[in-house]
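Each of the two blocks below gives one form of the same protein chain as structure tokens; they are labelled structure 1 and structure 2.
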Structure 1
């Protein structure tokens, strides 16, 4: 090789080496220190993009974890006391027939836009939410009209009795916002450009769409709750889809709290100095909907056999703390949850007997069931495999089909019953703190299936469902008794199996104090209620 060529090669090698050396020094693994004198910053590490939409009336997606800090509702549900607590409303009462609800508003509440909140604003924002009819607006279905007789009073006139205090505390579609924030511009467009008009403790500082540090909020100085005592004055949302990245960021102190990581990674933070871990049941329950109208599962004995064939404890153990068995269909922390119900247990012998009665099982007719679950969900995949394995021991072949949700749903709603699945796995969670959600959506007779994907039809149950909401509006205790009765009925008829509820496993720096999980607001961290250490 000529000297020139050789020389060039050496130069190239040197550059490569140089880049690699530089690279090895430029890693970011050191501890970061919070900027002195500017107040404490709370950094929340989340798994997916936060602001999918900006309109508080129609927001129905991940943005609520940020919106619940920028906006406020009239009331808030406290899952530890199972009570509705005041927020923008200080007190409320309903008429004895549950058709008129009067809310007294807090005074001195300011919007981030500068205006003071009055009953006109409450009426205007809820009216607009109802009119736009997007997202979760259906929760205001019972409302006929809203009056604002005085600046601090709002009266709701309902078409039928409903627990409006619960509805007003909803995670979606219940925010009070300044409808005049955009002036003469179109409000919806103004929101979508990345603006907010709430009353909450934090206001928008900066939005970097699609970036890892997606959202920065700062303390709203005129917040009605005031800023006495230690508070987080900045709130940052950082998006890292990979659990390993999140764990690394927490370990190096670059984030305050991680929304979700794998149970294995979470365990590495347990009982570690400098970190705090929590695990609490959520209200997101996994259900196996059994086809009660077509196929082998139309026979109640077969359904009960399937209910006894599942190794529930094994399932929980395989999920390593990410799930918790629950009694009945209503998860703990929500009123209507009943502890000692006749829940199904793992009893393969009983399963075999029931199958034999129905003509199936070893020696009887062969059975093949189609099971669908949401493609990409690792937990559902695990559960499906376990169920397949459990039922195989009873000579039941399960054909497992992972489908994207729209495809899974389309199949379940097929007009030809033969095209539908036998078992459908999906999650259910309520839009506001009311067990009604499970029953009205999942078990009420539907002429054309929507979410009642076990196709169950029981007139007695329908009647109970139809009356329980007005009971909830007028006599909570009576409603609780009805929920108990309904769950007992469902556990016996077994149109669906309530497999477990997901467990929120959170890890945070030990300097973050005062965190209390509130499953009524999934994955929302109310930073205002935290105390920086």
Structure 2
């Protein structure tokens, strides 16, 4: 982990039109208390601080891995079946023109505050998220108004057709929460003091900010899904930046699963008694954001030279199965992905020629670039080392600085351009199963940096970003062509380098049963769905 996310406030258009009705209806598994499997604790070892923010309306960072166990959305995306499935809503349908969506809510759902959830709570949650307009709130851009005509019915009126069932499954900003939880207090302040008000299977037990055992959750007795059968009744998040330490904790049984370790360490758990390993492709891409507004990289020739100086195949090989090459910026498995785009390739001769044109390179002016990455991420550390080595051959010194994510992000958003980094390594993934969030967040012009951390501005690209989802609502093929054109433009201008798509290599105790990777919810482990052996 270690990546905070950001969002634009520009509306998201529809992907599909027409009547969409979900035939499946979710059912409760029973209302027994969490006695079955009592005492079973799932401990998830992660690389960096979990709770960057506490407000479910605006949280847009590592907290996704915890919030998706404390909070729930109306729907959930199943990446295996590529279908939207019921969660707090049991069924939904859209009008023929795609402008009205009606959701039928699950009965008997309780908030952790003790209140029973109704349609008014769903309306209040989403209205507040839209009003605060932070984090990924832009996903609700199509919504014009929300009605709650009966306790179990919510009706969304849209400004234009949109896939609201998919939007409602987003990993951020789609949570339903008790807006009355703070009483007379300010709700935003109440959340940030370390409180939650979700409907999920686990509720907050203890938060130890800055500590290794950062967060403890416990089973919510009144969870609508019930606690029949064996379940983990406690969920612990343990922060271990050092991969070797994480591996040791797993071997000794002190943690149940490790989020990420080096491929070499991961391989030592393969085929070992007492452990299970998985490796699944993700939608999480590692990007190198290049500073286009200040310093040597403001020169496009220098950016292109840096792009040509990196040994991408060597990087993939060094990660020993932990990464796959990517064409463009949109990962395979999402529409908008295009094979055979003109990605940069390792060409040190071209890099030297481009640097010479700009006055740099061997025999030219020396260049020093500052590169930041998330402290504790072994893959980013390796990538930073390889980039430093590749660029050193061209008379470019790379000052590599590992930083905790909050510090890295603060530096990148500094109001003083001279204080920002030249190269920033971080991961990106979609807010829901759509390529839109790559472009609206990372490359649309921003007057004040948020997640356009290459500080790139291109009116032509802005126009395409602003219209591509509208095209998707009426002509998917045209939208795909636009996304291809956008990626070709970015690959030429090189404001950022799409280094690879991460392969999630998990190692866990063999007693952990039922784990299924879902790249739509990056690094999230839904502990309720697991069975303690």
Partner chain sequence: MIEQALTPTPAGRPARLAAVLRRNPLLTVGAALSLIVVLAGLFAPILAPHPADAYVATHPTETLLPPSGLHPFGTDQLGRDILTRVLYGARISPLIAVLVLLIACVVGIPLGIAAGYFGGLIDDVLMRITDVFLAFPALLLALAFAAVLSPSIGNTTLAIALTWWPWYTRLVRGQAASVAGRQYVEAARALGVPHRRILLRHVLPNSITPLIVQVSLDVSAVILTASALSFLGLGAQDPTPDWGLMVSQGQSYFTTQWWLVTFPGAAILLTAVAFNLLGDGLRDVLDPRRVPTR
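Please read all numbers here as calculations on a predicted model, not as lab measurements. In this text, the rigid core denotes the largest set of C-alpha atoms whose superposition between the two forms falls within 1.5 Å. Numbering follows the first chain given and starts at 1.
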**Request:** May I ask which of the two structures is the form predicted in complex with the partner chain?
**Result:** 1
**Asked** How much does the smaller rigid part turn between structures 1 and 2, counted in whole degrees?
**Response** 33
**Shift in Å of the residue 435 Cα between structures 1 and 2 [rigid core superposition]** = 3.9
**Complete:** Shift of the Cα of residue 327 between structures 1 and 2 with the rigid core overlaid, in Å, rounds to 7.5
**Request:** Keeping the rigid core fixed, work out how far the Cα of residue 294 travels between structures 1 and 2, to one decimal in Å.
**Result:** 17.3
